[in-house]
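Coming up is one lone chain in structure tokens, specifically the form predicted on its own.
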């Protein structure tokens, strides 16, 4: 079997994809290696659905609005009352989809590979919240939006999924690949006054 092609980032011509950010850095913008992405739809009021999904994911599906659950290699983001986005290691989506479909069986649900849909940018550092606030109408005050939360919102008129990873703060920005270069350039411009770093692999 031929080796799989490496998964390319959406803004690779501006900066290579990276897998981590240096904890000692200040404000940093990086494109992360695109994760496997699986869209899951189902009825959270159906205990069979919750049990089946949880048995595969090794965590409970987040049922509270804008919440996130994570294990070592899977992150589950709440997108709506019956919709979740599951992030896996790159290339891990195929096996995950097979396992979910097998576990769900005849339970009313939908499991869809959307790995090619979104790029993942990461903005980290003390001024990250101020940078995002230049183009995002979401209330990002730490009492309103904090680590372990996510939201579908807009930034610079582009639809994104925003996930706050920690209190540093560090944010993952999931954006459709067709808007990734625009979003990257907008963020680069918005962070210029803070002397931020563009991370490279």
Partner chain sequence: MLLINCPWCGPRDETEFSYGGEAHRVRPADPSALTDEQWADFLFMRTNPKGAHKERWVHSHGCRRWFNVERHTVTHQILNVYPPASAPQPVQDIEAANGDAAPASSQKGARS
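Please read these numbers as outputs of a predicted model, since none were measured by experiment. Numbering follows the first chain given and starts at 1.
Keep in mind that the form predicted together with its partner chain is missing from the display, and what follows is about it.
| field | Interface membership of residue 54, its partner chain in the predicted complex, 4.5 Å heavy atom rule | value | Looking in the predicted complex, residue contacts with its partner chain include residue 54, since a heavy atom lies within 4.5 Å.
| message | Please determine whether residue 103 contacts its partner chain in the predicted complex, using a 4.5 Å cut-off between heavy atoms. | response | Residue 103 lies outside the contact set for its partner chain.
| residue 151, heavy atom within 4.5 angstroms of its partner chain in the predicted complex | Residue 151: yes, in contact with its partner chain in the predicted complex.
| said: Residue-level contact is defined here as any heavy atom of the residue lying within 4.5 Å of its partner chain in the predicted complex; does residue 168 satisfy this criterion? | reply: Outside the cut-off, so no.
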